[in-house]
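One chain comes next, on its own, written out as C-alpha cells in the form predicted alone.
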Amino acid sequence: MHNTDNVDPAELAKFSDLAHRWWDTESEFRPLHQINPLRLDWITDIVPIAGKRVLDVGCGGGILADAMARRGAEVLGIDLATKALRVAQLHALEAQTSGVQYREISAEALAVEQPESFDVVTCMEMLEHVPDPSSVVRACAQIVKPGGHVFFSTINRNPKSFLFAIVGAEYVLKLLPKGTHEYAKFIRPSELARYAREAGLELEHTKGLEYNPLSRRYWLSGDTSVNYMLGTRKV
C-alpha cells in the first residue's frame, strides 16, 4: 500500500466537520478530555517525557499533544484532517503552549522523512479509523529511536465492545456522535501485539480503560475487553 493511501476520506470528513468542537469539554469530545489525564499519567509513569522528542500520530485537535508539551516534551502532532490541525494550532497560540508543533503528514511519509528520530511515539484512538492499521504501526516503529517507546490505544473487537463502544456510547448514552466507530475496524489486543512484534516492537505494558455511565467516571484497570492501551519498546 502506498504510504499516502492509508486514509479513509469519510473518516477525515467526519472529524473535520466536528473540528471546531475539539476544545469544548462538554462537546462530543468530552470523553477524550476526561481520559486524557489518565493516559498521560500512564505514559509518563513508564517514560518521563520532559526534554524528550515526542510524536503524536493522529493528533486531531491536539488534546494529548498539548498536554505532553505542557509536561516539558518537545512535541510534534501529525494528522491528515486539515481543520482539526488548524484548531490544534489555534489552541496552542491561545493557550500559549510552547514546545508543540503540528504538521499535515501521514505517519508513513514521516517515517521515510525522519526515521529513528523520536524518543517516544503515541498513537491514541487512531488505528480503528484507518484502512490498514498495521501500516501505521510499522511507521511508528520506523520513526522511534532504538530503545524508544511507542504507545497505542484502541478498541477491542468482541460482543462486549460492540455493546459498550457503539450501542452504549453512540446511541444510548450519546457520549459520541453516531457513526464514530465501525465494529469491523476494532482491533483485538492479540492482533495489535502481532502488528507491533512484526514491526520490531516489544510489548511491555498493557492497560484497560473502563467507564461508569452513572458516575460518568473513567479509570484505568486490567480489563482490556473494550478500550485498551499497549506500551511497546523498539528492540
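When you see a residue number, it is the position in the sequence shown, counting from 1. What you see is a predicted model; the values in this text were computed from it and never measured.
Missing here is the form predicted together with S-adenosyl-L-homocysteine (SAH); even so, the following discussion is about that form.
Heavy atoms within 4.5 Å of S-adenosyl-L-homocysteine (SAH) in the predicted complex belong, among the stretches 170-178, 51-59, 204-212, 187-195, to residues of 51-59. Checked against S-adenosyl-L-homocysteine (SAH) in the predicted complex, the residues 100, 165, 143, 124 give one hit for a heavy atom within 4.5 Å, which is 124. Contact check for residue 109: every heavy atom lies farther than 4.5 Å from S-adenosyl-L-homocysteine (SAH) in the predicted complex. S-adenosyl-L-homocysteine (SAH) is not drawn, but in the predicted complex it has no heavy atom within 4.5 Å of residue 87. Contact check for residue 226: every heavy atom lies farther than 4.5 Å from S-adenosyl-L-homocysteine (SAH) in the predicted complex. Put simply, residue 129 is close to S-adenosyl-L-homocysteine (SAH) in the predicted complex: some heavy atom of it is within 4.5 Å. Against S-adenosyl-L-homocysteine (SAH) in the predicted complex, the set 15, 63 and 81 is in full contact: each member has a heavy atom within 4.5 Å. Heavy atoms closer than or equal to 4.5 Å to S-adenosyl-L-homocysteine (SAH) in the predicted complex belong, across 17-47, to the residues 22, 32, 39, ordered by sequence position.
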